[in-house]
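Encoded as C-alpha cells, the following chain is the form predicted on its own, with no partner shown.
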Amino acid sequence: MPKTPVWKSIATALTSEIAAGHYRPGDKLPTESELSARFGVNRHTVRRALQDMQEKGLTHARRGAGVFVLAEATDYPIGKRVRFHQNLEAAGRMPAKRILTLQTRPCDRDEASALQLKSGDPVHVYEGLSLADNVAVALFRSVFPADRFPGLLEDLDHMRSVTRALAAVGVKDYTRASTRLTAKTATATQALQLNIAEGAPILRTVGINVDTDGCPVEYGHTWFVGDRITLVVED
C-alpha cells in the first residue's frame, strides 16, 4: 500500500485542528518555519501542504502577513439602502474603512452623466479599502458633486462613513437608484491591495445613490473579493 505523502499528512493534521476549533476563521496559522520545526520537515513540504489547503478553500495567504483561516463569506445585501457598516454589523462582523485617496478633481464623462453634472465639473473622490474583522473584503471608489458638498472630504476623513458624512452636510437620507453587477478578475494592483491572487474572481458593483428629491449624491464603484462576500440582491 503506497505511503501517504508527508505534505498531505501535514495538511490533514492542520485541517483537523481547524475543524476542532484550534484555529478560528480569521486566525493566522503558524509560520512556515514554525510548522517545519513542528513536523520535522523542510519548508518546501510545509508550503505544499499550505497550498493544498488554500486550493480547497480552507485558508488564504496575505502578502507579507502570513496564512490565515478563511472566514465564511459574509452576506451583503444590495437593495434600496446599501450601508456598509450596518450590513457588516448585522452579519456579526466588525466593519472598518481604510482611506487610500481623498481628492477633488474634474469629473469624467461617466461621472458627469451619473451625477447630472457638466463634463469637467469638480467632484470629490473617496477611495479606500473596506475591512471585515481587519480582513480586506472590498475596494471602493465613491464620487460626489463637489460644488454641492464643499466640505465633504474633511467629514469623510474624520468619520470614515459615507452615511455620517452626508448627514453632516445635510443629506439625512439617501437611497439606491440603480446597481449594476459584473463578474471580474483582480488586476495586479487590486490583488496587492486585497491580498488575493492576481486573476482571482471579484464582483464589481456600480451604483448611484440619490437624495429624497431624487438628485444624485454619490456615484460608486466597489470591487468585492469573490470568496469573502456574498451579494444578496433585495427588492
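As the structure is a computational prediction, the values presented were derived from the model and not from experiment. Residue numbers here begin at 1 and follow the sequence given.
Just so you know, the form predicted in complex with the DNA exists too; it's not on screen, but the next bit is about it.
The candidate spot formed by L139, L156 and Q193 is out of contact with the DNA in the predicted complex: none of the three has a heavy atom within 4.5 Å.
Segments offered: 62-70, 162-170, 196-204, 182-190. Contacting the DNA in the predicted complex at heavy atom distances within 4.5 Å is 62-70. Proximity of R43 to the DNA in the predicted complex falls within the 4.5 Å heavy atom cutoff. Under a 4.5 angstroms non-hydrogen atom cutoff, the DNA in the predicted complex has E32 among its neighbouring residues.
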